[in-house]
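In structure tokens, the next block holds one chain alone, the form predicted on its own.
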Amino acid sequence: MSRAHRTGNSPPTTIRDVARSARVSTATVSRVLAGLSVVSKPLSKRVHAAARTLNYQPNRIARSLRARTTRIAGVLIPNIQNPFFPGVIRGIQDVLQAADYTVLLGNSDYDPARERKYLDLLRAEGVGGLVLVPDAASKKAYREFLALGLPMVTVDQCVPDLAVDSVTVTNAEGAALVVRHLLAVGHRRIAIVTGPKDAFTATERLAGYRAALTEARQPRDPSLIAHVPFRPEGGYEAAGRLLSLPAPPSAIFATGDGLALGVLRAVHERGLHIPRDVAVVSFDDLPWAAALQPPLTTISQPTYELGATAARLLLERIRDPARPVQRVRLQTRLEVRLSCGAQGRGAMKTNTAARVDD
């Protein structure tokens, strides 16, 4: 973080100190020190006066924002324990490090307040850009970050009304693929365990589930839809409720492998057999999915390429800030294994790739 030394043994002055003294936000201080014209003259004078009083020297943030010489990039994810994210982070890191960038990683834990703190810290550190898995609750914080002229790329999730580059996968198409397959092998009561209602991937995968049922002229039962946090505990709670229904589902579609872990735990605790008693399918295809017993039918998505593509878009945006916004969608594909009950029930013989709708 940019600092100026005070006399004696006092701690160094920070942007927060200046913001507190000037009675403005840290974002406003960052804009003023970066020389941006979006701040009014009276506010700008207050910030500069506070900075002079506190002997604050805005070195790294202002210099890097004006000259774009920083070789630091931020990466902000919502849950470092989610097994989906290491592959994404590895893709980001490999591309950025090859371009001689240092990567600063933050974990927001799905907490908008914590995410805002990380955004403030990354601004203060003078990052050249940010790769972000966004939270729908933080749009204002993202706009403040972008107002500084800092490049941002979203990955996995997307904020539709935010004009930034994004990399996602064919979520709806992939979900429709796996539901069509379940229908083809004889399942009719198909439940879905998905994320929060305002989560981009949860919304898209639910749309694909509904589209496949409508296409097959199957009724859509609201009791078979569960919105929970994207954590194993959420999958466990949802599966417990679904399996306790008077007419439980014959198949459960977990829209993430983390959720699937919780679903599998709930199924095993009830002494049920997969797929004889209930089929379980998922979305992600993390390395352990094929090693389960029975192996997990899932929609596979390219986690490493998601991260690598996002990093490449960030580097392009840094080099050419005025280029048009790009929204990239990578392919998903269906991996048919034994957990869906396909064996002996008309299993598909080949995988089917979802279309790309860039």
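Quick caveat: nothing in here was measured; it's all calculated off a predicted structure. The first residue of the sequence shown is number 1, and the count goes up from there.
Missing here is the form predicted in complex with alpha-D-ribofuranose (RIB); even so, the following discussion is about that form.
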Do Phe145 and alpha-D-ribofuranose (RIB) come within 4.5 Å of each other in the predicted complex, heavy atoms counted? no
Any of the heavy atoms of Phe230 lying within 4.5 Å of alpha-D-ribofuranose (RIB) in the predicted complex? yes
So in the predicted complex, is alpha-D-ribofuranose (RIB) close enough to Gln157 to count as touching (4.5 Å, heavy atoms)? yes
Distance check, Tyr101 to alpha-D-ribofuranose (RIB) in the predicted complex, heavy atom within 4.5 Å: no
Counting only non-hydrogen atoms, the one stretch of 268-276, 77-85, 122-130, 208-216 within 4.5 angstroms of alpha-D-ribofuranose (RIB) in the predicted complex is 77-85
With the partner omitted here, the residue among Ser138, Thr201, Thr170, Ser108 that in the predicted complex has a heavy atom within 4.5 Å of alpha-D-ribofuranose (RIB) is Thr201
Who in 238-257 is close to alpha-D-ribofuranose (RIB) in the predicted complex, meaning a heavy atom within 4.5 Å? Thr255, Gly256
